[in-house]
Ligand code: AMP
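The chain below stands alone and is given in C-alpha cells; this is the form predicted on its own.
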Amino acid sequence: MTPNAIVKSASKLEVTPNLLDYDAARARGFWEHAREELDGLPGDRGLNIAHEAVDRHAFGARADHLALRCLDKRREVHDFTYAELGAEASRFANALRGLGVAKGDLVGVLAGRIPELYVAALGTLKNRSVFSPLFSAFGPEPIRTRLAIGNAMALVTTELLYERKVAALRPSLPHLEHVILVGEGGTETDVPGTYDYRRLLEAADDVFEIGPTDPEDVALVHFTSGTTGKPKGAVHVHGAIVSHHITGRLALDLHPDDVFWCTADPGWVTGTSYGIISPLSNGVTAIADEGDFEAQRWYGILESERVSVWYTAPTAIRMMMKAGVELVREHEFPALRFLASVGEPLHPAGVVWGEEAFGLPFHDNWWQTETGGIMIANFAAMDIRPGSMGRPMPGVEAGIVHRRKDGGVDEVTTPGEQGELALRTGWPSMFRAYLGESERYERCFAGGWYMTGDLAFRDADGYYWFIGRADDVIKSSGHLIGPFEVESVLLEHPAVAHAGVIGKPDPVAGEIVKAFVTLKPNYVPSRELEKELLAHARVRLGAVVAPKEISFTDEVPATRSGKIMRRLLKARELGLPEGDVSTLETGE
C-alpha cells in the first residue's frame, strides 16, 4: 500500500555518497574503523565530545571555516568559525570551573536556538560536566521536575525565561547553586548565585585544556516523556561521539563543504546529536534558526543560506504540504541535494511530496532518545521504499523479535512477520542508564537485545517498516492494526493535512479504529466529506482496517520531534487524564 520504490543511482547524484557499498560496510570491525576517524584527546587522554566537535578543527586546517551560523528572529546573522567557537566554548568552560562546577556536575540549558546555547553546550562538555538541554517552551513544573531529577548544579537561561519560569522554583531546587542569565544584564545579577553570561565570559580565558575523559564518562542527559508518570533522564557518554560522527557522515551523507540545517530544537535529542555534535564533528557549516516554523521563512533560509543537507521532522513536512507546493516554487534551491526526516516515521505521501516540491525525496530514518543516534536509515545511494524506515546502520544489528513469558525473546526470520523492533546491544551511543531508575532501565533489555517498544516488520530485502508503538497498536475483532498505516492512507486524500488514529473501546470488536483529521485550506468539515474519507480508506485498506469513525479537528497533537501523541487523542476522546504533555509542539 505504498508508492513504488524511488530508484537511486549513485552515478547520477551530484555528490558521490559516502556509503556506496552497504554490504562491505557491514563487515566486522565497523565501530573500530569509525573510531579511527576521530582524533582522541592529545596524549592519549581519552575521548571527549567537545574536542572532536570543535577543538580538533579549531586548531587544525578548518580553523577559519564557518562552523555555526545563528539566525535570530529577525534573521540577523551571528557567525562563528571553528576557531571562534572553540574560544567561546573555552571561556564558558573556564567560567564553569571558576564557579566550582566540576566533572560530572549537571548543567541545564533552558533557551531557544540562540548562540549562547551552543557555546554553553560545548563549554559544558569541555569541562567534562554533563549537558542537559531543556525546551524553552516548557512551563515551570516540567522545568522543576527535570532539574530535580538531574540534581542540576547550574542552569543557563535567558533573563525573560528566568523571570517567567525559574525564579520562583529556586527554593525547591537545593542543588541548583548557579544560574547564568543571557540578556542585557540587570537586577537579577544581584540575586546570590545568579550571574550575567556576558560578564562571566568576558572575564574568562579563551584557552582551556580538556582533562582526561574516559569514553564512558557521562556527557549528556536527555529527558524523554513516558506515556504516564515522570520523565525519564536518559544518560549518554562521551564515547557516543563515535555514533554521532559516523551516522552524520553515512546516514545524512555529510561532506566537508556542506551547509547543514537541522531544524530540531536542542531541547530534543535530535537538536543536540545532529544540530550540534554531528555536523561539527564532520567539520561542516551548521545553521541554527531561532525563529519558529513558518513556511515562507524556512524556504527563504534554504535559499539564502544555500543549505545542501536538510534534516527536519514529519510535523514540519505535513505543515509544508498543507501550505502547498506553489509557495515552494517561489524560491530556488540550487545547493540542496539531500533531505532527511526523523521523529514519527514519515508517511509515504511526505516522501513523494519532497520530489514534487524540491525535486528530491525525503529520506526517512529511525532512532530514539535512548539510542542516541540514527540506527536505521534510507541512505543516499540506496533505493527508497516510501513508508519504510530503511536499513540498519552498518554497525547496528536490528531484529524483529517476540517476547517470551520467561523473559527471553525469539527472533523472527520470516519476512513480513510483525514483532517488536530490537537492537543488539553494544553500539557507542546506546544510553547507559535512566537517572535514578535502574529497574526501569533493566526492563529495556532482554536476551542481549535492547527492546525498543516499537512494532515493525522486515521485508525480504532487509528494509524495516514501522507499525506503531506497542501501546498504540489497535486490537479490533482479533486483528492487530497499526495506526501509522491508516494515517498514511488518509493523508493520500487531497483534503487531509494531518491525521491521527486511535483505538476506541467497543463492546463487540474490543476496539474500533477512529481517526482525527485536520483539513487543508479551502476544505471544510461536512458529513459528505466524512463519508468520502471513510470510503477512500475502505477502498485502500479494506473494511477491517479502515476507520469506522472520523472526527474533524483543528489540530492533531504532536511533539516537537514530530511524534503524533495518540495517547493524548485517546485520553481526550475517553475523558481520561492527559499525563505529561510538556513536549507538545504548542509549548506550555
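Heads up, when I say rigid core I mean the largest set of C-alphas that superpose within 1.5 Å between the two forms. Numbers for residues come from their place in the sequence shown, where the first is 1. Every value quoted in this text rests on a predicted model; they were computed, and no experiment measured them.
Another form exists, predicted together with this ligand; not displayed. Remarks below refer to it.
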Taking this ligand in the predicted bound form as the reference, which of Thr369, Thr194, Asn94, Thr158 has a non-hydrogen atom within 4.5 Å?
Thr369
With this ligand left out of view, which of Lys475, His78, Arg404, Arg440 would have a heavy atom within 4.5 Å of it in the predicted bound form?
Lys475
Thr315, Glu487 and Glu555 each touching this ligand in the predicted bound form (heavy atom, 4.5 Å)
no
Can you check 511-519, 361-369, 132-140, 258-266 and let me know which stretch has heavy atoms within 4.5 Å of this ligand in the predicted bound form?
361-369
Is Gly343 one of the residues lying within 4.5 Å of this ligand in the predicted bound form, judged by heavy atom distances?
yes
Non-hydrogen atom contact Met389 with this ligand in the predicted bound form at 4.5 angstroms
yes
Contact flag, Glu420 vs this ligand in the predicted bound form, heavy atom cut 4.5 Å
no
Is there a heavy atom of Arg469 no more than 4.5 Å from a heavy atom of this ligand in the predicted bound form?
yes
Core superposed first: is there a CA shift of 2 Å or greater at Glu511 between the shown form and the other one?
yes
Would you say whether Glu437 is displaced between the shown form and the other one, judging by a C-alpha shift of 2 Å or more on the superposed rigid core?
no
